[in-house]
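This document opens with one chain alone, in structure tokens, the form predicted alone.
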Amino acid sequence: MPILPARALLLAPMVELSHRPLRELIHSFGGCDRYYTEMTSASGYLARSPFDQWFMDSEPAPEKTVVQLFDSELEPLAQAAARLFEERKASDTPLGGIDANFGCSAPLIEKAGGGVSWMKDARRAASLIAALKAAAPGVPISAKLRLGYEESEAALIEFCLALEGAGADYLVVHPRLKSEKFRRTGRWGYVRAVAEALHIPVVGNGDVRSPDRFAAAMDEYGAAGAMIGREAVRRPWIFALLRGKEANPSFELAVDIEKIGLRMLSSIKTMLPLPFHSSRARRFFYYYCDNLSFGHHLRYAIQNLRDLDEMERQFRQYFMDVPAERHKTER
């Protein structure tokens, strides 16, 4: 059985966004092929950080939810993978995969030696993949990475070949340099180059916002799948739209913008701890409000509110003022 289905769709790991409420919302539209958790500190997990049960919650589909770990050293990452494997085995809960974060370019993470810093040494990164494979036998092991620090196709391919040789089951390539954030369109030619050089699936991440872009990722750039992040927050139905359009070009999807936003607020309230409520809601609505003509006003109003009840009142008021925007049809 293949590690990933053909033309796979994956939800990206995103800080304060890739939590259970978002996965539940996406799942209600039919879901995707792989969900990722937000990145979790291996050292924090080993120290029994009080919030790790929410970071590592893999519902509603644990069998296809990948836990992404980060750290600056190999040992805590391998130990965390082994503990996670044993805990899931003991509870008879599937573990959809473990991912090594080689892509985070946040200054705090990178300067501490985590995230994209791992791309400085291909041999060391490959040793980590081998250690994760040994720590969690039978569990798919992947890595999400960037282009690195400098633009070099040869260096990128060498790095990815090392990971493949160490036993990685698939890779996710975000084709931007460490310094680029989202300031420019990703260079998908690098995804194609890596996909042609490796024998394992290579997934591309970045800029897939429409059926045409998804088709190009698969057919023009040879990716085994597409990982989608912020667009899945703006439009939690994006995976359903892409699959529907592939099956039938005239596919349409009607969505209730107000109902979906209210469901997210309710899920945050019931599925996440109180210290997470305001930050997760603000992050979600920062993107979700793009669906509305006057969303910039609503977005910034919500950013300044204190709790979920106030946010709900503000959100409901918008549709009382602009009821025509309650429903939307995606074509």
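If you're wondering where the values come from, they're calculated on a predicted model, not measured in any experiment. Numbering starts at 1 and follows the sequence shown.
Just so it is clear, the following notes concern the form predicted together with a small molecule, a form of the same protein that is not shown.
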>> With the partner left out here, check for me: in the predicted bound form, does some heavy atom of Leu9 sit within 4.5 Å of the small molecule?
In response: no
>> At 4.5 Å between heavy atoms, is Glu110 in contact with the small molecule in the predicted bound form?
In response: no
>> So, Leu25 and the small molecule: in the predicted bound form, are they within 4.5 Å at any heavy atom pair?
In response: no
> Quick one: does Gly229 come within 4.5 Å of the small molecule in the predicted bound form, counting heavy atoms only?
Replying inline: yes
> Out of 291-299, 259-267, 51-59, 38-46, where are the residues with a heavy atom within 4.5 Å of the small molecule in the predicted bound form?
Replying inline: 38-46
